[in-house]
Ligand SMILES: Cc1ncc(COP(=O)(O)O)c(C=O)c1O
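The chain below stands alone, shown as structure tokens; this is the form predicted on its own.
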Amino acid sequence: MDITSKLSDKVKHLEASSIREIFKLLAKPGIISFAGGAPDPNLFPKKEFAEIAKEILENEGNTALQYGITEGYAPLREWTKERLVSQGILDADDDVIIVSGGQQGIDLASKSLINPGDGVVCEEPSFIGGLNCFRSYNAQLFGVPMEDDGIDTDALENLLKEHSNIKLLYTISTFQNPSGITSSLEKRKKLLELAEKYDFLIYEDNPYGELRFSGEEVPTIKSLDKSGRVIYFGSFSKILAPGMRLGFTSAKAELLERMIICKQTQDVHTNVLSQMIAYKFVTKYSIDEHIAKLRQVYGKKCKLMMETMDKCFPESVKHTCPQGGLFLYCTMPDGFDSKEFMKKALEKNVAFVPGTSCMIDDKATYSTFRMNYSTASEEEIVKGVTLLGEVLHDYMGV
């Protein structure tokens, strides 16, 4: 029997994330990977987690191992809300739910909002997980180019004038994945202005916002929103550990209600033990001191990667200069193909993410590629980027 003929219209056109496919190549011994989007595992608070988990299982094991409520473990949910209010992101009357990673929040909101054929605007480049989520609900995707200070709002407005079916705009406003770009305050205000004018909602995905290591803070779009148009997604993955699968979402009560019902059909509730460990950690230890350490390490690694690129890459290959987060984005001159470059780099045991993985048209050729600086060691960064420089010079003939 050909089971593929029975697949739903929602998923039969989806393809596996090319980033995940690259991971299959990383089992090769000695490979240096800049392809992942993961934090540095050496920074996970493993010792503290072990002590906390033991304490919880000995003293609160019945609660930790029992079913929990869909909205999330109440103490962690309340702590998260209080932190977001203290940061000026939420108002005191806003609500928060805990989800199984920020990705689930995007999926639950999309399941609650998107009908087949609804228009979703995405930054180009953008996060493959968001793009595939919207594809799975048969949305019509529209890409708008990124500028140095965020999405091109003039191009966005021209698009909005041409298409009346646009319901959502998806933005990673701070330390964008994959570009590392942070949207300016002017662009954030303009997005809200356009959302009011053309009646669409904004997904603000902010998993990296706590990881600023240079520059000045910029208010979130959510903090500027006075009419409830912004659905806000955050994550503990980048500040604690991604394997815990903890994220959070804030939106108008009517939408959160729908998302909670949808979550009940997906996983019933987020892992209770993980939620309890996270809560105990953020209340027993200083989360701000922990984040300060992450910022210091990632800032140092990012600077080292950029300095090595400036030294070893051809002058015609440009890169972004992030002020935080986990990624920077490189652009070769027009006419070069980052997938072909990746094949040559893998021969030298170095991996990265080609730009095609981050685009709506993932069959086209792009001269761009994403580099992650958080996971590799400093020694691997120098060695790997130096090797990439050699491959680039050879591939480009310069």
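In case it trips you up, residue 1 is the first one in the sequence shown, and so on. Bear in mind that the values here come from a model prediction, so they are computed numbers and not experimental data.
One more form of this protein exists, namely the form predicted in complex with this ligand; it is left out here, but the text below deals with it.
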If the criterion is a non-hydrogen atom within 4.5 angstroms, does every one of Gly180, Phe213 and Thr320 touch this ligand in the predicted bound form?
no
With this ligand left out here, work out from 139-147, 97-105, 73-81, 250-258 which stretch has heavy atoms within 4.5 Å of it in the predicted bound form.
97-105
Counting non-hydrogen atoms within 4.5 angstroms of this ligand in the predicted bound form, say which of Tyr279, Tyr232, Tyr170, Phe134 makes the cut.
Tyr170
Exactly one of Lys238, Lys222, Lys263, Lys301 comes within 4.5 Å of this ligand in the predicted bound form through a heavy atom, and that residue is Lys238
Given that the partner is absent here, does Pro125 sit within 4.5 Å of this ligand in the predicted bound form, heavy atoms only?
no
Decide whether Arg295 counts as a contact residue for this ligand in the predicted bound form under a heavy atom distance cut-off of 4.5 Å.
no
Taking the shortest heavy atom distance, is Arg245 within 4.5 Å of this ligand in the predicted bound form?
yes
Give a yes/no on whether Pro207 approaches this ligand to within 4.5 Å in the predicted bound form, heavy atoms considered.
yes
